[in-house]
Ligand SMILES: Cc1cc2nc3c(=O)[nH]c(=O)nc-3n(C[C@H](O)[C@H](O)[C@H](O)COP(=O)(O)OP(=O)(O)OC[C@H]3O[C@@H](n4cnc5c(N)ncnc54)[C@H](O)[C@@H]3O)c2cc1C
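Coming up is one lone chain in structure tokens, specifically the form predicted alone.
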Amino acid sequence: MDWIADLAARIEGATLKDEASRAAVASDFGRIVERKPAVVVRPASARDVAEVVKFAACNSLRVTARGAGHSQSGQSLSDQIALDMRSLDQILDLDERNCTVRCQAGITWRNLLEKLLPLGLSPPVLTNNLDVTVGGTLSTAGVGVASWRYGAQADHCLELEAVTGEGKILRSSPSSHRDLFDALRAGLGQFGVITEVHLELRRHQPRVCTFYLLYDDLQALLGDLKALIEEARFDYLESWCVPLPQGMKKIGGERQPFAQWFFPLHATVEFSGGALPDASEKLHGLNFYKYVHTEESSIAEFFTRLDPLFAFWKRSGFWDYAHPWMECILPWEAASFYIPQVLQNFPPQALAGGHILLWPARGSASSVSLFARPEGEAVMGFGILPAVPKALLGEALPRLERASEAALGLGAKRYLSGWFTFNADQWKAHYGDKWTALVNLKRKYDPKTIFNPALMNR
């Protein structure tokens, strides 16, 4: 392809068209959608990104920015130009006094955190998987076990540098190009390629204490979680649904595996060291079934607590399975009805190498415009995160689709890093009264529709 040579001559970074380089970015963590690009570009600068975008716009080519490729519906895939943003991975300025950092968008949260921890600093919200890129998670919002209080990672952006669909390098913030700033955060890469990020940080305590609690009653858990987010008794809240297989029962006329469900809750508080926080005070009035364990660790150990689990999934092969994750944000009042209905007939063996997450949050915790969520004082995040052999996708995907449709019918919103198959009407419903403005922003900042048109335009 002559155009690849022409493109290579315009930039300082690498243009890779060999089979191995293209195959390496032809799939994402979802392992469901595949698109092999014609060329992989590893930009050396924002200027390189701008040159690629201008070249694509002039030649009717499509461009998709890719970080760690942790998407599940092909959001980070391209059949023409794949921008591998991991080549832009530098910390540009670290202001310890004002608790801010400026970095390139291709750096991973893990690498950023390694520089921040010795200073007693960290981002207010971290994803469970630290090996995803800053720009990638900001493009989907970015949630974690501190989101109940601090909202999304995208809430803590002070400024973003990005390349628009016309190849312009623009800096946006709450006071400059505000419409672009709002479009880039949780915008799925539809309005520009984020190249640089200015982030707010926080000072943390050096130690954490985690109380391991077990619930056998979802209603009791929901009541306690509501109280805990109102009282701000803990710094981090992490809960999920765990099946205890009970054998086989008739479901729809066929005998199928079923389970009794339990609900662990890890409630974590930071402290300076010395004596542990008083358990009787921290757990007063909570209605758990069993107080299982107390764990003390450094803050660094806490941030990397899931690394051994991910390592196990990789050793056991689950990491290479398909990951059609169905994540939604429920109205709080719908959670007590919806979650038992989903779990009631959910086959426990379907969660091998995965889990079902619960993440409560204050309704006002996030102000990111495109991070769609229900209104209310509190909301409940619910995520079915399985690892599925490809041979079983035909069975798993319809089940997950039904769970998604049921959630949407109750007023939930989908979290868009996962598996979804929205048609035009569903996109409009997802964004509601923001849809018209969103279409106008797309026309303004990507007039030739070169950024991943397979998403909102499919």
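All residue numbers are counted from 1 along the displayed sequence. Everything numeric in this text was worked out from a predicted model, so none of it was measured.
Keep in mind the form predicted together with the ligand is missing from the figure; the text below concerns it.
Partner contacts here mean any heavy atom within 4.5 Å of the ligand in the model of the complex, and among 72-80, 170-178, 270-278, 201-209 they occur only in 72-80. Residue contact with the ligand in the model of the complex: Leu121 places no heavy atom within 4.5 Å of it. When contacts are judged by a 4.5 Å heavy atom cut-off, Phe303 does not count as touching the ligand in the model of the complex. At the 4.5 Å threshold, heavy atoms of Trp427 stay clear of the ligand in the model of the complex, well away from it.
None of the heavy atoms of Met326 is located within 4.5 Å of the ligand in the model of the complex.
Listed residues Leu265, Leu351, Cys99, Leu188 were compared with the ligand in the model of the complex; Leu188 is the one with a heavy atom within 4.5 Å.
Residue Val193 is the only one of Val193, Ile356, Ala322, Leu221 with a heavy atom lying within 4.5 Å of the ligand in the model of the complex.
Along 102-129, these residues reach a heavy atom to within 4.5 Å of the ligand in the model of the complex: Ala105, Thr127, Asn128, Asn129.
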